[in-house]
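A lone chain, given as structure tokens: the form predicted alone.
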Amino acid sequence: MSVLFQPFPLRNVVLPNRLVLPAMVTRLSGEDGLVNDDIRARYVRFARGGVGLIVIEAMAVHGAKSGPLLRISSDEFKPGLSDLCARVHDAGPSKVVPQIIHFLKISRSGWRQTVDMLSLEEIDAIVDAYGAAAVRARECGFDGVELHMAHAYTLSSFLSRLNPRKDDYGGTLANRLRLPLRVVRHVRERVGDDFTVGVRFVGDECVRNGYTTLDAGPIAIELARAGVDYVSLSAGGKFEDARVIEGEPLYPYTGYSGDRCMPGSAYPDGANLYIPEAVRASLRAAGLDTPVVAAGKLGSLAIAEKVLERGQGDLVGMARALLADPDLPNKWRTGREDAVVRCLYGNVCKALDESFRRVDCTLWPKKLGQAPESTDTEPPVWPAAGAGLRAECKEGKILLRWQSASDNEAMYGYQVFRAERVATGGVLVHHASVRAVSTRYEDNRVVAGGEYRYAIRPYDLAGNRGPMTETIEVRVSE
């Protein structure tokens, strides 16, 4: 069995495998911050898919207005969270923790509160709020709690090299760590020694004058020594380079640092792996065996296994890949990787969040609201006359077209395969995925004089693959 699917211990729990669903915004909750049917359905669906650890989307530890964001800021939210936790546990072997967050104020005028505006009393209140929220997480039956210290939010802004405070909470790395360490120690004191506490923080701010892995290593070491059981690493997602849109609150994922947080199709697989690799090396050099969650466009079994083989991480985080196909863990575990519905990394989900709309996967059948489930085993078929795959080179791009496939249940999409260096026997590999409503694909990642070979394969709601088309070769004119 792949090491990915060996049990993995975390203090008081044992994960069934090393796959992690990192917290991701869904915009499914209402303004009241309560768990609703959509939230329950979303996370139960992930649990049925077999992922080892589910991190529930960030929920506020304080009572500030936050729009459609879950809350854990008072006892009124405990019944819904307890029910959500129980349903996830009932649905599969996954362990589940909530990610808890504190954020500063922001307005549509463009004004935003910064950490230097906080009084010492307000800082003390943040520490207390995290401790109380962590206790509620334990009382709700969760397997642990994850402290949000990433991206544009409060604790990350204290950690940042751009932290403008002039007192004991700003300037040196030791000062910037002061509040995060207070939070970790207070949470550990409140929840006890038999409850998992994780942290999600940024390993590279990806903004000018921001910190890099040179600071991230020492940050991880100090957090681990303070009582953290795992560190989950992200990148970027900062206000400092966010795009300003008049009349709209700043959204911290619109600049380059936002791209680095959620690497899209223009980035290579595993674009951020240098971050967990460096941080894990720092932890091990300090004699600490704290597990590290690697993340950032890790959508294939091969790359997930390499993360573990190369020591780039101990756990593999994948958000968008699991949004596209929650059944990915079970499919990998049972040797059915060819049935996985692969993420496009087109970041439509990110754009939906930016627009404050519910976050669904663009691959899902419209109006379904969740990833489809199917036990069908019959694959799609092409028309009797064939797929009719054809290609043309136009304006330096290659346009592929084909006929629609059909399925006994419903079509889900098409895989596009491409081979380069055709003359020397280039091998066809997965290049892109296309939704079922489309029967065309435009490849603009080609060079003048290049020779390429393509084939298309249809798949249905269960991920059953139909026959691959005959290949077609195209040469881009010089």
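The numbering used is simple: start at 1 and walk along the sequence shown. If you're wondering where the values come from, they're calculated on a predicted model, not measured in any experiment.
Only in words, not in the display: the form predicted in complex with a further copy of the same chain, which the text now covers.
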item: Residue stretch of 103-111, 300-308, 382-390, 259-267 approaching a further copy of the same chain in the predicted complex, non-hydrogen atom distance within 4.5 Å; value: 259-267
item: Output flag, R178, P218 and I221 jointly within 4.5 Å of a further copy of the same chain in the predicted complex, heavy atom basis; value: yes
item: One residue of T334, S119, T172, T375 in contact with a further copy of the same chain, assessed in the predicted complex (non-hydrogen atom, 4.5 angstroms); value: T172
item: Partner-contacting position among G80, G131, G255, G92 - heavy atom within 4.5 Å of a further copy of the same chain in the predicted complex; value: G255
item: Heavy atom of G247 within 4.5 Å of a further copy of the same chain in the predicted complex; value: no
item: Proximity of H431 to a further copy of the same chain in the predicted complex, heavy atoms at 4.5 Å; value: no
item: Interface membership of N209, a further copy of the same chain in the predicted complex, 4.5 Å heavy atom rule; value: yes
item: a further copy of the same chain contact in the predicted complex: R445, any heavy atom under 4.5 Å; value: yes
